[in-house]
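First comes one chain, alone, set out as structure tokens in the form predicted on its own.
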């Protein structure tokens, strides 16, 4: 997540810690020529950070670079460059932002050139675009490329065959490739240590996210949540930095509950909590602050979101397990939100609406993101039917500023809040 935006919100200890972590990570990524460390490019859902760290390699995530560029208002020009080079308007804007970034010298958020990766590692977790994206990157960089094929959980369950299929690839393809690229022998005990740290951080993350069950909620689990998931979904899972970050964050949220405070916003503590929402779909990054303000100005708090599960649905009980290291990595990849079928997603949303005492479900449909957007209207209708709570549908994009209409989004949100109020009144009369 963007370090610049992070510090504007409020300077609590966890935020300063995350800013330092992100800055240091980009400095390490852009100084591999001096350090001699190898770099792996991979994606957030299903990323194998604990395994990558076993070999002393660095983890670069192209979609996080796109998010950073979106929040710093740089992605629009990058996308236009990619389209002029022949990429369709309908292609995922993360991809085009990445391609455009490469065409302009591949400058990282710290202002230094991002070196070419030594390895491309794709863990397919329900997003077909990832495969095409890596084809483009392989053509550009010509480095070693490994694809970890992760079966889609079409029936909603992880079977033994699925698990063993992924473990076999880890043993026979992924780990040998990492040994070749890094020159380091695989150490399963080091992996176990990393996984134990992951589980500890995951416990605290889940506690923080579930704190939103409080009325009033001390956090916003969508806008604030994107900062909370940053370390664990990116290059820090399995590290002491992540353990420390989530320890600090949990302590801060505990204090907010004790003091009866609502979420932190870019303008300070939020005032009265008037609406509790569950949100499906990623945020818009190019107008992130403006988008967020439309919610907290109305007293709307997002108490649960699916986007904060894109890198792992930990609140359903999964933890990385040092006693079953490779099996645990396989289950992590198989269980990511985008690798779940639509009935499983609907069940999760229904659980959130009920358990977090939400007033309804809001869907932010992303124009260029098929892995999220497919079936969303049907999901909304099903949630309305199951919970009796009203749903609403808005449309934006990830990092393309052309597809964020502030007036349109604001009008739809205001209409939705009116709908919630009407629903409350009719419930009282009944």
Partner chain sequence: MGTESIIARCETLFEDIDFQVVREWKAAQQGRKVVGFMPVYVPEEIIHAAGMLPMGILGGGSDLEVIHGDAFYQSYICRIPRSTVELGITGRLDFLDGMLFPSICDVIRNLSGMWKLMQPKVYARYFDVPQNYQDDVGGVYYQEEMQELRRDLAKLAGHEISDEAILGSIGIYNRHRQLVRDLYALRSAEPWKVPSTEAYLLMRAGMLLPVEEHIEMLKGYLAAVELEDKPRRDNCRVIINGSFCEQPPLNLIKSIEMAGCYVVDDDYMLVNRWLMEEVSTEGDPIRNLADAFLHHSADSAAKYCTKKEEVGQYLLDSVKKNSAEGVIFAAPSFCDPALLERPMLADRMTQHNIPHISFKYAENSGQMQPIREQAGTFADSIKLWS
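Worth saying up front: this structure is predicted, and the values here are computed from it rather than measured. Numbering follows the first chain given and starts at 1.
One more form of this protein exists, namely the form predicted in complex with the partner chain; it is left out here, but the text below deals with it.
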Original post:
With the partner removed from view, which of 49-57, 27-35, 360-368, 62-70 is the stretch that lies within 4.5 Å of the partner chain in the model of the complex, judged by heavy atom distances?
Top reply: 360-368
Subject >> Heavy atom within 4.5 Å of the partner chain in the model of the complex - the one residue of 149, 354, 259, 103 that qualifies >> reply: 149
Subject >> in the model of the complex, the one of 108, 136, 199, 116 near the partner chain [non-hydrogen atom within 4.5 angstroms] >> reply: 136
Subject >> Complete contact of 90, 342 and 376 with the partner chain in the model of the complex (any heavy atom, 4.5 Å) >> reply: yes
**OP:** Tell me, yes or no, whether residue 126 is in contact with the partner chain in the model of the complex, where a contact means a heavy atom of each within 4.5 Å.
**Re:** yes
Original post:
Does any heavy atom of residue 288 come within 4.5 Å of a heavy atom of the partner chain in the model of the complex?
Top reply: no
**OP:** Look up in the model of the complex whether residue 333 has a non-hydrogen atom within 4.5 angstroms of the partner chain, and give yes or no.
**Re:** no
**OP:** Examine residue 318 and determine whether its closest non-hydrogen atom to the partner chain in the model of the complex is within 4.5 angstroms.
**Re:** no
**OP:** Would you give me the residues of 150-168 that have any heavy atom within 4.5 Å of the partner chain in the model of the complex, in order from first to last?
**Re:** 151, 152, 154, 155, 159, 161, 162, 165, 168
